[in-house]
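Below sits a lone chain in structure tokens, taken as the form predicted on its own.
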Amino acid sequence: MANTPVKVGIIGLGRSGWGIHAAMIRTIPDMFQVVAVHDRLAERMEQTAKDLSCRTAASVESLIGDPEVELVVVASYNHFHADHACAALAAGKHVLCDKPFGLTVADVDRMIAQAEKSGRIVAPFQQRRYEEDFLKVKEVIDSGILGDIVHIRTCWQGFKRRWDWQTSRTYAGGALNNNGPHPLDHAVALFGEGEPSVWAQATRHLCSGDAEDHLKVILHGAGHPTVEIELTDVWAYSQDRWIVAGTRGGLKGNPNSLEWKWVDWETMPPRPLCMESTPDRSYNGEKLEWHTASWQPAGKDTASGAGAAPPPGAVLLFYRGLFAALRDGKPLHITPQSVRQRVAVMEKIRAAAGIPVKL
């Protein structure tokens, strides 16, 4: 059993179910194998079944009830995630739940409780926690080389019109639920331990639905950096994904290139407060002795703009970790409890910005 592939059923064959999950599973047949799929679009489901050489399921219930299925990938509409996950867990299946991992803390608690009751694993698909640029940014910050971190800004920007279901609040669409869980996951990790206070603004501009396509969030709290998130489809001139400001220097860059610089204040002369006017009416100034460093990913496995598919390397690392948990009993690296913390912040964002859970 330990060396046999995990038998998978996928609910939802859209951009995530097909483009991310099925696409990855096809490359790791030694670990996972899709045996059944379900989708609301019959033609799409039939074609997918042919492509994957698997069965079709006429309903969510029949897929969950399939005795061969061990792991259910929930990649359905946002507002169905918690219900589908809980039903699969209750049927004795392990679950991989795509983002958002529930819309509320109550959703997450339901999934965790059902997983514990059934003795099964529920894994949140926060695969971007494995992204190389995020890991490098965290490493540089944690090293202390930039000093005390004052401000962090992460931007997921683009300029486009959308008119699909993800722009409708009826299906719990909008920037916060669609892509927001990823930069928010990074932001909460960089904010550090503790519960942040939240300022948020959500507005709709170019999309055809009624959900937000421009989201601005600020996390703040005493003893923590201010962390700013910008997730928008109305930004014609994209900026760096990362900006970090610290008391010894700063960092900037994107998934394909980061650079940072810092000053070693210990090698500089002290500057005690002087209340005397400068003789030449000048501002105080000194030549800073900058140290610099940079980073680029080893390969070409990088993410692009907001809404783009995640880098395959991050997805592969996630699936390897999930396989180790299912077959070898290893602990999940990305736990539902850690994502529960992020969902709690999402609830604060909704309250601050006036975003309904769904209509």
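From 1 onward, residues are counted along the sequence shown. From a predicted model like this one, the values you see are computed outputs, not experimental measurements.
Beyond what is shown, the protein has a form predicted together with a small molecule; the following relates to that form.
Heavy atoms within 4.5 Å of the small molecule in the model of the complex belong, among the stretches 94-102, 223-231, 264-272, 190-198, to residues of 94-102.
Exactly one listed residue, out of Arg320, Arg327, Arg55, Arg40, brings a non-hydrogen atom to within 4.5 Å of the small molecule in the model of the complex: Arg40.
This chain is drawn without the small molecule; in the model of the complex, the residue among Ala49, Ile334, Val60, Met31 with a heavy atom within 4.5 Å of it is Val60. None of the heavy atoms of Lys136 is located within 4.5 Å of the small molecule in the model of the complex. None of the heavy atoms of Arg340 is located within 4.5 Å of the small molecule in the model of the complex. When the small molecule is considered in the model of the complex, Met346 lies well away from it, no heavy atom lying within 4.5 Å. Contact annotation: Ile20 falls within 4.5 Å of the small molecule in the model of the complex, judged by heavy atom distances.
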